[in-house]
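Below you'll find only one chain, the form predicted alone, shown as structure tokens.
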Amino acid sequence: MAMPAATTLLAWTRLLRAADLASQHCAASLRSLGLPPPEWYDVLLAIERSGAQRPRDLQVALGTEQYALSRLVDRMVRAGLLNRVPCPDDARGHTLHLTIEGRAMRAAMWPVYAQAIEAAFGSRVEEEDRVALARLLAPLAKPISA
């Protein structure tokens, strides 16, 4: 098996470090105002945009592991942001519905999250470089086929 090129390793390291720092900044910004973490925002937004979803569909849409999403959804249900509603066609399944509180929380989180994204990334990288980076990262945002 061939070893990755030095440039591959350098790009890989910088990509992971940049993503980690940006994620930490966004989470800290939300936390400083008593708001939930970015993962909660992603779930709330996905359900707000697509309507009620089964957890397995939400898992695919968010690219998250089943066990992690399950724990996250449990916390969000306890917080009153989501409701579980039994599926009429599958007694074992349920759909996740956004509550009024969930919609309000998503709306409250966005300005803080948006400002954090701008501070961590938007204001630090020129527009033409953001376009190029988005283009370069597009193939990496797709699942790896076996």
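All of these numbers come straight from a predicted model, not from anything done at the bench. Numbering starts at 1 and runs along the sequence shown.
One more form of this protein exists, namely the form predicted in complex with another copy of the chain; it is left out here, but the text below deals with it.
Query raised in the report: Looking at A61, A108, V77, L69, which has any heavy atom no more than 4.5 Å from another copy of the chain in the predicted bound form?
Result: So the residue touching another copy of the chain in the predicted bound form, by this definition, is A61.
Query raised in the report: Of the options A104, A46, A120, L35, which one has a non-hydrogen atom that comes within 4.5 Å of another copy of the chain in the predicted bound form?
Result: Checking each option against another copy of the chain in the predicted bound form, the one that comes within 4.5 Å is A120.
Query raised in the report: in the predicted bound form, does L98 have a heavy atom within 4.5 Å of another copy of the chain?
Result: Flag for L98 set to no.
Query raised in the report: Is Y113 close to another copy of the chain in the predicted bound form, meaning a heavy atom pair under 4.5 Å apart or at it?
Result: The answer is yes: Y113 has a heavy atom within 4.5 Å of another copy of the chain.
Query raised in the report: Any chance L82 has a heavy atom within 4.5 Å of another copy of the chain in the predicted bound form?
Result: No, no contact at 4.5 Å.
Query raised in the report: Though only this chain appears here, would L30 touch another copy of the chain in the predicted bound form if you measure heavy atom gaps against 4.5 Å?
Result: Flag for L30 set to no.
Query raised in the report: Taking heavy atoms and a 4.5 Å limit, what residues of 127-142 are near another copy of the chain in the predicted bound form?
Result: Contacting residues: E127, D129, R130, V131, A132, L133, A134, R135, L136, L137, A138, P139, L140, A141, K142.
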